[in-house]
Every structure is written in C-alpha cells, then in structure tokens.
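Starting off, we have a lone chain in the form predicted alone, written out as structure tokens.
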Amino acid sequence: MKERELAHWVVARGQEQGAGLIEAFLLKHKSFSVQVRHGKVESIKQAQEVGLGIRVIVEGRMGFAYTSQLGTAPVKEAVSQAISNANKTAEDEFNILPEPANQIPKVDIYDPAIEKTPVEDKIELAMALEEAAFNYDRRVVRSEQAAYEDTVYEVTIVNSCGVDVSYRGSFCGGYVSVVAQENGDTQTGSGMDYVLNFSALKPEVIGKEAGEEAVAMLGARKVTSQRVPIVMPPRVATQFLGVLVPALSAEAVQKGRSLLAGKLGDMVAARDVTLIDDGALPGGINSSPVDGEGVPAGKTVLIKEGVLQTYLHNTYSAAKDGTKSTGNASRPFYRGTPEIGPSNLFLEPGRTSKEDLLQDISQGFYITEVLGMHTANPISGDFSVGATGLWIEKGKLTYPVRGVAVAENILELFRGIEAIGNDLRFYLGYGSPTLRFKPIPVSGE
C-alpha cells in the first residue's frame, strides 16, 4: 500500500477495534552528508528511514505505538498496541484530535535539484567551503571540518476526524570550521548556512565568514570587568532567543515551568521588540503546510511591541486553555507524540544598519561567540556564559577580546534592547537582526 492508503487503512482498522479517535503519522526521511578536511573526503553518509506513528484516544485515554515495518502484520500489531496502551493511561478530557481545516497554506519547500544533484557535485561543494576559508587570508592554516548535508522527507497525516494531508520537503546546508594562526596565537572561526534550494547555497560566502571570524580574533586580549553596552550579530542573538523559547510553550506555562507564566498582556521586552513564529514563512527551513498533527501552519505574533500576546500551542494545550492551536505541534520523528515547538521564530527587523548601531558607543562589546549557553536556566531565565568578540571604541570595532563572561536574566536582557538592526538572518529555525543592548556587566580581569 502507498503511504496515504496505508494511513487510511490504519484509521479504519483502529476504529474497528474500538479506538474512538485515531491518527496515523507516516514519515519517510532520506539524508546525505559528506565531510572533508584539507581537500580530502573523510566520510560520506547516506541514510533512509520510514516509519509509522499511531495515536489513539479511547474515552479520553491516550495511547501511542510506532513501527518501522509497514507490512500488514506489524502495522496491525502496532494498532493493537496503541489501543492497549490507551487502556493503561489516565483519562484526560483535553485529549482530542484536530478537525480538518477549510484552507491549508501553499508552501514551496521541495527542491528536486537536491535529490538530482550528483554526489560528486556535493563533494565539490564541501571542498569549496574549505577552499573559500583558506583563500580569505594566508593566516587561515588549518581546517577542523567542512561539510555539506541535505535532507528530503515526506509526511502523511490522516486522522478519524477528517484530517488528510500529505506533503514533501527538503533542505540542504553547509558548515566549515577553521583555525587561523599568527605569532604563536591560534583562533577558530566558523560559518554555516541552511537553505531550501540547492542553488541558494553559496559556499564562498560561508567559507569567507569562517576565515574572517578566525582572523579577526588573532591577538585577542582580556579587558577589565566593567558595565558596557552589548551588541550581538544575528548568529549570537539567535542563541539567546533559544533561551527564551522554552518559556513560550503553553505546556511549560501550564506546568508552572515558564518565566512568562501569567504575563499575557504584560510588557516583557523593549517596545521595539516584535517576536513572530511563522510556520509557512517563504524560504523558512521549518516551513510546512501543516504542523505535526495536521493543523495549518501560519503566522503567530508572540510578542508585539514588547507586549506578550500568546503562547505556542498544539491541540492538547489549546484545549486545556480554551483556545485554538497555533499550529506548533512539533514532530520531527514518527517515534513520538506531538510536542510543542517553534517553527521559524524570528525577531522583526528594524531599519538601522549595523554601523549606525555602533556609532555612538564610546566603549562596548560586540559578541561574536558565546560558550556554555546550555547552562542557562530555562525556568528562571538566568544565564552566565563565556564570550569572545570585538571591543567597541568610539563607534568602531577595534581589537579582539576573549576570556570574559556576561551574566543577566533573559527577560531583563530583552527589556534592555536599545536598537534593532535591519539585517535579519536565519540560523536554521531561529532568525534575528543585529541587536544592541543597554549596558550589562562584562566580567574580565
């Protein structure tokens, strides 16, 4: 049976066995990657996976099972197992499945060129990443790693309420990490980009970015502890967005694990801050016509002009709050039930250039890399991370700085945004322009 036919068969089978509500989630996934180092191929990996997740609800009790074997016998067994599992769980009135939507957005997320491009060309692209970094400056002397990778996938979702959707998507990307050396000092730099279309991937740009970052940090020094304005380019700013994201989950709010609980309608960021999640964003790596349970993807304004508007919801959390799903049921694998997660989450850009953000800073810190971001507390929002970057003097980037730390609370940090750049850039599912913050403590010597 083909995927859609199989999904309908699963739903019918489950209903015959007493499942009040049932959902079939089918995922086919193919990935390719090639890693090179100093002009030689280190590894080539190709993987393919297909699987079926079955979710049933019997009198408010939810059960789940999955299988990677799509023959009749193992699928029958998985249906029976899901129903058996449901009979062992507690009843919850908010366990429901979504109804079909009147309209589903059209999104262009599949590029046939990703599958059709020969492996040799993909290897050349990985080589080009490394070469561009070396060509940037003679002081770039070593490659840590350069890689090209891509993914092609197909999703089918059918449920007993009438949801019946199937779509195909793909993306590709590359990254490179290099070392620059001068007078006994060594520094690293990296570059990366992921796009929906093969032709949009520019290895020369990614490689140059890595070389530029490594060379810029040569001769880095320490600074004394002080309180100064902070500027973050998009790559660093998106990492701080990642600290805020767990607090935007309705599930975290409902469980009392969010620092944004009870703050709907409150000013939680600077007035210039508008934070958006858009599951149907043109060109977005995580764009799709529907979320992981078949709810149409779309635009959700989470923070508007500094004020918290809503949280991210899937069908369960929305039912619990008496609202509608925001289309944020996250389901990257068939082996689990839908969680809540962002799709393409980004800060709306301003109109100010990076140069103008810097121009009136007499002393400041332009952060190019943070270390230890995983130690940030997602419930309190407190963080203390190591940082490297460039020191700002009289509105200009001057000398490189390392061996410092910055500490703050994530909400206080976002309340302290003074200016937002016009250079929005995405790193996978997170996007931000350059941001300038009010003075915060920088711990140095």
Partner chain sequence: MLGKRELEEILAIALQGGGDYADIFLEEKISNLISCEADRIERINSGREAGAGVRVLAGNSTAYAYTNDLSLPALKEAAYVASKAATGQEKGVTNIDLRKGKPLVDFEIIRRPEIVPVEEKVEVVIRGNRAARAVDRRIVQVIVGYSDIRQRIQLANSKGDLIEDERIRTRFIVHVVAAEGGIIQTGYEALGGLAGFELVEGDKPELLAQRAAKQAVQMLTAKPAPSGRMPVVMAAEAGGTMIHEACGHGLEADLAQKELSVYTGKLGGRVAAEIVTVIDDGTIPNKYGSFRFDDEGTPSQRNILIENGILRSYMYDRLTAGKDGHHLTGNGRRQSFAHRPIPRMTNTYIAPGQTEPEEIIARVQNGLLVKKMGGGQVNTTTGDFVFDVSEAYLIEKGKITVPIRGATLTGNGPEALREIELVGNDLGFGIGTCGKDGQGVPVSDAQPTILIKQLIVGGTG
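Model, not experiment: these values are computed from the prediction. Residue numbers count along the first chain shown, from 1.
The form predicted together with the partner chain is left out here; the points below concern that form.
- At a distance threshold of 4.5 angstroms between non-hydrogen atoms, residue 139 is out of contact with the partner chain in the predicted bound form.
- By the criterion of a heavy atom within 4.5 Å, residue 257 is counted among the residues contacting the partner chain in the predicted bound form.
- With a 4.5 Å cutoff on heavy atoms, residue 59 does not count as touching the partner chain in the predicted bound form; it lies far away.
- Contact check for residue 391: every heavy atom lies farther than 4.5 Å from the partner chain in the predicted bound form.
- For the options 144, 108, 360, 305, the one in contact with the partner chain in the predicted bound form, meaning a heavy atom within 4.5 Å, is 144.
- Checked against the partner chain in the predicted bound form, the candidates 310, 337, 117, 274 yield a single residue with a heavy atom inside 4.5 Å, and that residue is 337.
- Each of 222, 403 and 408 places at least one heavy atom within 4.5 Å of the partner chain in the predicted bound form.
- Only one segment in the set 109-117, 279-287, 75-83, 346-354 has any non-hydrogen atom within 4.5 angstroms of the partner chain in the predicted bound form, and it is 75-83.
- Applying a 4.5 Å heavy atom cutoff to the partner chain in the predicted bound form picks out 62, 63, 64, 65, 66, 67, 68, 69, 77 from 61-78, in order along the sequence.
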